[in-house]
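Each of the two blocks below gives one form of the same protein chain as structure tokens; they are labelled structure 1 and structure 2.
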Structure 1
């Protein structure tokens, strides 16, 4: 089953309309766009596309169109990006967001229900964990396990550290020899565990 040139034009139109307006075009709008004298032309094209599995139609519903693979795509979560997390975080107050990072749950490996946020990394204290200045790390609010990378609140600023647990105590360690090692974890507030990282060409690397 191949898609004909005309059918591809229809698909492109559906896609661009949906991107721009947020809703699918009606058969009449398709008709007008292509200059069909009859609205039936649009209908039969949609039928053909449905038969080929490109679109799914919900019968009896206005604009009841959907790209079949759109639902197949993993759901996308919007992760808010915070530059720095204020001290009182967690107590209902929503810190200022510097933007949004939208990724599908599959490629990041976080569940959609998890409480996550992203942090813009400043400095190179975690360079040996291959986390660079300008990277965005995705933090999930949960209990850290040994050797997890965690976001911790130190002196009012959030920094990334390696969480290390020996037989007795818990420590936080920077992954850079230039930074002081081993900070007792008891005195600190651990805000979450790193579960992902996004590096972009605009992220300065």
Structure 2
């Protein structure tokens, strides 16, 4: 089975978007990302991947894409769940271990050797990033890049927000216009960067 360079780029894009948001991109989002003249071109590539057994498509669903077992899978690893994190206004709740989350290394993009843990999301401040109340976010302990989604301690309170760094300061931004930016008065400590998401029972397509 031969996969063209463009098809591999599309596979990589699907995997990346699924890791970051927990959902597959729509054909329109694929079109816009690759600069195709129409959605027809995106659909054509998806049909080719389906014919090669890489994906399956659910008719009538805008995001109805699924990977098959054709792509090699890595072992399942267990990531500890350290309680909940507010995706709303921060609070001073101390995380408590509440079991483990089993994830597929390949589909989640998590290294078996990385320092990772999971947090259960509370609140709706990150809904425009497709992070819903009840989801679990996979956090890796590493340095953040600008606009990464991070677990952070800001002035003694924990929260899940987007990390923003401009020429003057670093602060946290919600993905919901109903929430203001969080600008630290004294302390901003990044506890980890979101590298994956597992959709909870409250989430959906």
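Here the rigid core means the biggest group of C-alpha atoms that line up within 1.5 Å when the two forms are laid on top of each other. Source: prediction; values computed, not measured. Residue numbers count along the first chain shown, from 1.
Pick out the form predicted in complex with the DNA: structure 1 or structure 2.
Only structure 1 fits here, because that chain is the form predicted in complex with the DNA.
After core superposition, I'd like to know whether residue 11 moves between the two structures (criterion: C-alpha shift of 2 angstroms or more).
The answer is yes; the displacement is at least 2 Å.
After fitting the rigid core, is the C-alpha of residue 193 off by 2 Å or more between the two structures?
No, because once the rigid core is superposed, the C-alpha of residue 193 moves less than 2 Å between the two structures.
Any CA movement of 2 Å or more for residue 162 between the two structures, core superposed?
No: residue 162 shifts by under 2 Å between the two structures.
Backbone CA shift between the two structures, residue 23, after core fitting (angstrom)
Displacement of the C-alpha, rigid core superposed: 37.1 Å.
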